[in-house]
Structure formats: structure tokens, C-alpha cells
Ligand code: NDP
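Only one chain is shown below, in C-alpha cells, and it's the form predicted on its own.
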Amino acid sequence: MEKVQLTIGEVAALAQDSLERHGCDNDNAAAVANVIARAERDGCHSHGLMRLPGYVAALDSGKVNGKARPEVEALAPALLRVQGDGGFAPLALQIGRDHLIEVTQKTGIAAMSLVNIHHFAALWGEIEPIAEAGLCAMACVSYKPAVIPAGGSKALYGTNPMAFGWPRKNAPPVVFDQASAVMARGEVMLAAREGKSLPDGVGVDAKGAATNDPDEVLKGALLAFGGYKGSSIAMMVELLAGALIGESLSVEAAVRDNNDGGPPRGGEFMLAMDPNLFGDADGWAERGEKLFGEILAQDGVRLPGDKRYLNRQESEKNGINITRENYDKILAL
């Protein structure tokens, strides 16, 4: 299969041009294009260029405001809210992030909610800059129903991912990002596009029968990881990224969405903590490194995010490859 080699800058330029041609202004297009390029750079192809048609569809249908102007407001000394103005999440996150970092460094712990946004990206890219600023951070976001609650028979929760980041003084932060489903929906979409089968236990078809066919799972539903344990985490995310901040639950997002293939409107919850203000400013980093050392002492074990950092080094050196077919689809946008 013919491949097209692109630099990370070329990926961003392709994405930004496509978005601007479909109604995004420069600021919104650049923020989304940066997210797409970073995903491709780090080997997270399920959230890279593959998502571009969905972003475009949401602009073409008029669901998303491509000229959104997010605004940050302080609800309390350590509580921020970003009003997304109906736009894509990246610009709202970009505008709110510095405020969250500043408040956290003053108060020790702070939370930020994002409302009236359309979220379509991986969470690790949102957590990493906060951890690079020396803070611990968490984030979660819901979606439309895609996951069956433990003991249930139909999708109720979104894949409802959550991410956590831990800062390090002499190394990149440790960041994990995982869905509460057995597999992220984006990975199922990628498997469908590439004609691959899924492992056992990922999901069911529209009739509730177990299947390894990603196309059938996309018509049916995913299963929560670990049974009731993942189901409980999915419920927690619904409450934090929905009920707590005054935004929609997954079932409400589905009713409101026009099903154009782009992201529904929803919210996001973020929490940041400054480890220097928790009473052990001299020891927290050392203890963290002790734990990481014990983890890595076992053969075959790596820290969360290590593979992503290796992919990043490779991509920055040699670029990325996409199929000619997908490249032509992007040009057609």
C-alpha cells in the first residue's frame, strides 16, 4: 500500500487548512490542528488525522461554532469555569490552562470546568502541559452512550476516559490516559478502518451478542473494563464531567446531538495540585522516583507514556507515514 510521508508541521498545516476552509477562524483551527498533529506525532493515530472528517462534519452541519471565543470566569478562589461558546475544546483548554496553573500554584489545589464545548481528542495532551508546569493533574470527559453498565443490556455511559499526570524534575512527566471501556472507541474505529479484528471481550453487536468485528461493535456497544469496576468509574466520570459542572450526561448529549459524525456538546472536569504545597516540598519528587524505579526494576514493565515519548522522538526525526488513500481523503476536505 502506497504511503505518504509528512512532517509534523505538514500534518498541522493540512489540518488547519481543512478546518479554515470549513468555517474555523485562525485561532480555533490552529488549536485543533495542533491537537491532531501532536496525536500523530506521538503515535496516537486514533485521535489524529482520522478525526479530521468528524471535525469538518461538525462545522459543515453548523453544530460547532468555528469562531468561538471562550471566556474564563472565577467561581471561587480555587474554582474556574471556561465558557466554550459552542466551539471545539482545544481553544477553550488553551485559554483556560494558564489560569488553572496560576491559581493552583497559589492555592495548592484548584479545579476547572469547561462547558459548552465539543471534545474529540485524547486527554493526555491536555494533562501533559500542566504536569510539565510542575503540577499533578487529572481530567475526565464523557461522550454519547457507548458502554453498557455492569449487569445491563444497552449502552448508557460514554467511553468516559480519565487521565492523570505526575511531574518529574529530570524527566518528562508520567501521564496515563485510559477509557473506562475495555477499549477506547477511537481504537475500535481505527480497527474498523484498517480491517482488523478486535480481541475477545471488547464489545457486542446491536443484538447484544459478543463480536470481534469492530464495525458491529460500533453499531452495538462496548463493555466496561473489569466489569463493575470500570462501570463505576464510568459513572463517576458522568457525574464529574456532567452533573457536577452543569453539563449534559451522555444520554442527554445523545438526544441533543445531530449525529453528523462529529463530537457532541458536553463538558470536561480538570483538577490540578501543586505538590510543593502539600507539606513535603523536599521529598515528593524523590518518593515518586523511588516508586518508578521499583516499577522499572521488573522485566518487561514500562512507565505509562514511555511508548508515546519514543514515538515522539521517532516522528520528530523521520516524520509520519499515512496511506495515499487517507491522504487523498484529507486533500478532498
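All values reported here derive from a predicted model rather than from experimental measurement. Note that residue numbering follows the sequence shown and begins at 1.
Although not depicted, the form predicted in complex with the named molecule is the subject of the following passage.
Chemist: Identify which of Leu198, Ala111, Val115, Ala184 has a heavy atom within 4.5 Å of the named molecule in the predicted complex; exactly one of them does.
Modeler: For this set of options, the contacting one is Ala184.
Chemist: Could you tell me which one of Val82, Ile130, Val237, Ala121 places a heavy atom within 4.5 Å of the named molecule in the predicted complex?
Modeler: Flagged contact: Ala121.
Chemist: So in the predicted complex, is the named molecule close enough to Leu303 to count as touching (4.5 Å, heavy atoms)?
Modeler: Leu303: contacts the named molecule in the predicted complex.
Chemist: Examine Gln178 and determine whether its closest non-hydrogen atom to the named molecule in the predicted complex is within 4.5 angstroms.
Modeler: Within the cut-off, so yes.
Chemist: Using 4.5 Å between non-hydrogen atoms, is Thr159 touching the named molecule in the predicted complex?
Modeler: The answer is yes: Thr159 has a heavy atom within 4.5 Å of the named molecule.
Chemist: Contact between Arg69 and the named molecule in the predicted complex at 4.5 Å, heavy atoms?
Modeler: Arg69: no contact with the named molecule in the predicted complex.
Chemist: Looking at 209 to 217, 240 to 248, 169 to 177, 95 to 103, which lies within 4.5 angstroms of the named molecule in the predicted complex, counting heavy atoms?
Modeler: After filtering at 4.5 Å, what remains is 169 to 177.
Chemist: Could you run down 38 to 69 and flag each residue that has a heavy atom within 4.5 Å of the named molecule in the predicted complex?
Modeler: Contacts from 38 to 69: just His47.
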